[in-house]
Every structure is written in structure tokens, then in C-alpha cells.
Ligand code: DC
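This document opens with one chain alone, in C-alpha cells, the form predicted on its own.
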């Protein structure tokens, strides 16, 4: 029996983690987990239930009372809150504005880490992306990657994404929000944003998206080949 293979892709907002992880998973024939979407779903839960995003206890109780599922029947997978597909709704600005605070709570992260590890027990070939996948959730992952980019580049990408959805955007405000979120994510005590030890770093600032995915695929296939040689088990991705 082959061992599970987990590829983690971490990094700050706007580095293209979700899109790159989805395409990498497709190329490798792996499943893909967007953990940021899971935290966004909890932020939406707070909004829809009029829960102060700083109220950790109420958020935890609300999480315990609703089903938050990753639906792997589509590629990329979608997020269901109860019976609803909230994949699009969780990208709206009101969710983005509070998700970092929601994700900073210990009780929220305990539940999310458990849920993410449970997903990994059900998918033995998994690409998972977020902010603490290689550092906290899967520190012994087969391959750990850190994607980064300059803040102004990430702000431009985020602004373009929102414009494509028909929103009127002040790119300077987006940049300020990204800088603020970076500071918040890096300084929080629970699952802080940091490059995992032993991970491979890729700066996407001046690289075309397709080239980023190519680099990830080469890296993962090289690592998997080296692992197979060390264990003597052969095999391919």
C-alpha cells in the first residue's frame, strides 16, 4: 500500500495559492483543499448570524451547530455551509474584511485543523493551501511550498479579481488592507503566517501564473521521485 502524499502551499493573501493549487492538483491527479475558503465560510457564518467576529465563544458554538463541508464532487471543490454552496458568497468584501480576525481565534482554529486533518485521512493524494498548512496542520507533509509576492503586486491582483466580478475598487485601499492583514496574520498567536521550516520558497511577483504552476509541478515531481528512491518503493505521481 502506498503512503499518503500531501503537498502544502502556504503564503500570504494574493500570491495565487488557490489557483495554483487547483491547477497543480489537476496536473498531478490529486485532490485539492482550499483552507482559506473554510475560514471564509466561518466568517460568513458570523455575518449571517449577527455574531461579533471577536466573540470567540459564540463563533465556536455556531460552528458546532452547523455542517461545514468541502464538496469534492466538483473541481475545484466547493464549500457548503449547511446545505448551501457558498463558494461565491465567501469572496465578497464583507467576508474578506473579518476573516483574519475570525481565523485568529483558538477555538476556531482547533476545529478547522481537526477538519483539515480529517480530510487528509479521506484523500491520500492531496494538495492543500492556506496560511499554516506546512507549519501547523501538516508539518510532516511530503512537499511543503511557500508562495510569496510583493504587497503591491498582490494588491493589484486582488483588485483585478474584484473588478472582474464587477466591483468598483480603490487599489490603494486594497493595498492598505493587505498590509494590515499581513501584519495581523503574522502576529497572531494561533497559526501565525510564517514560512514553514524546510519549505521551498517561490516569489511569484514577476512570474507568469503558468510558469508558477510549471515550477510547482517540477518541484513536486522531483521531490516525489527522490522520496521513491529513498524508500525503494518506486512509483510515480
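Residue numbers count along the first chain shown, from 1. Values in this document were obtained by computation on a predicted structure and should not be read as measured data.
Same protein, other form: the form predicted in complex with this ligand, not shown, and the subject of what follows.
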Within 4.5 Å of this ligand in the model of the complex by heavy atoms, the stretch out of 208-216, 46-54, 178-186, 23-31 is 178-186
Distance check, residue 99 to this ligand in the model of the complex, heavy atom within 4.5 Å: yes
Just checking whether residue 36 would be counted as a contact of this ligand in the model of the complex - the rule being heavy atoms within 4.5 angstroms. yes
Report whether the minimum heavy atom distance between residue 131 and this ligand in the model of the complex is within 4.5 Å. yes
Any of the heavy atoms of residue 91 lying within 4.5 Å of this ligand in the model of the complex? yes
Partner-free chain; cross-checking this ligand in the model of the complex, the single residue of 87, 158, 125, 111 with a heavy atom within 4.5 Å is 158
